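In the form predicted alone, a lone chain appears below as structure tokens.
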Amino acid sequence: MRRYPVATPFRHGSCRRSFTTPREGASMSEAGHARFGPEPLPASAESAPSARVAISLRSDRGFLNLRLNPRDGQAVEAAERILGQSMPQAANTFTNDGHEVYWLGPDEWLIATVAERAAALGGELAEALSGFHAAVNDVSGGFVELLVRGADARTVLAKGCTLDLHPREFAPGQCVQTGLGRAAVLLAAGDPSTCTIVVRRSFSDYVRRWLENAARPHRACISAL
């Protein structure tokens, strides 16, 4: 039974660091990524040009959980300065400008970035937010990211999701924590034909198999990025 890193609980009045120094954090993150790296996807026989949907595992992603008071303008500004992009303030939206920053709750965000950058970015955020009511945790070991793309991407996802996934209702830039099959996932709309799934690692194999089965009638192309 594999054991995965657990996010440090949010504590009021302090900025919890998962990193002693950026370099130490980087070493820990890289070691964790190597140890808990995602299982490879089996390649499909369907060629990409004929596929109506393509499923890809993004094996190069790292994740940070960020919590702070959104009404503290200085804290938000400090985080945005390190990220180099704005943080979404509207519920169930995300920003994408170098990293993907997903709104999870009124004071909580999930930052998806390049795996090799995650530890250093977490250290920089922790340093910048050390004087604020905030917490930063590297949760890279706990999540896996999948991309579902193609003309039938939303049709495939709709087979296991109770939300209306039509682009009019689930527009690009929106994200939501919902169910897919029997797993809880974070689902984000990149464009009308591309959706990102972030799922806890312990459920990732189930979600991958569910997607393979649901996409089979749509000439699915399966690969790793």
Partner chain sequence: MLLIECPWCGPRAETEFSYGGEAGIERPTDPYALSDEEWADYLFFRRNPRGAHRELWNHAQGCRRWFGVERDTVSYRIEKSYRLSGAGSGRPAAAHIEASEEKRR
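All of these numbers come straight from a predicted model, not from anything done at the bench. Positions refer to the first chain, counted from 1.
Only in words, not in the display: the form predicted in complex with the partner chain, which the text now covers.
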Should P106 be counted as a contact of the partner chain in the predicted complex, where contact means heavy atoms within 4.5 Å?
-> yes
Any of the heavy atoms of R71 lying within 4.5 Å of the partner chain in the predicted complex?
-> yes
Would you check, heavy atoms only and a 4.5 Å threshold, whether R61 touches the partner chain in the predicted complex?
-> no
Though only this chain appears here, would L163 touch the partner chain in the predicted complex if you measure heavy atom gaps against 4.5 Å?
-> yes
Stretch from 120 to 128, 106 to 114, 72 to 80, 147 to 155 whose residues place a heavy atom within 4.5 Å of the partner chain in the predicted complex | 106 to 114
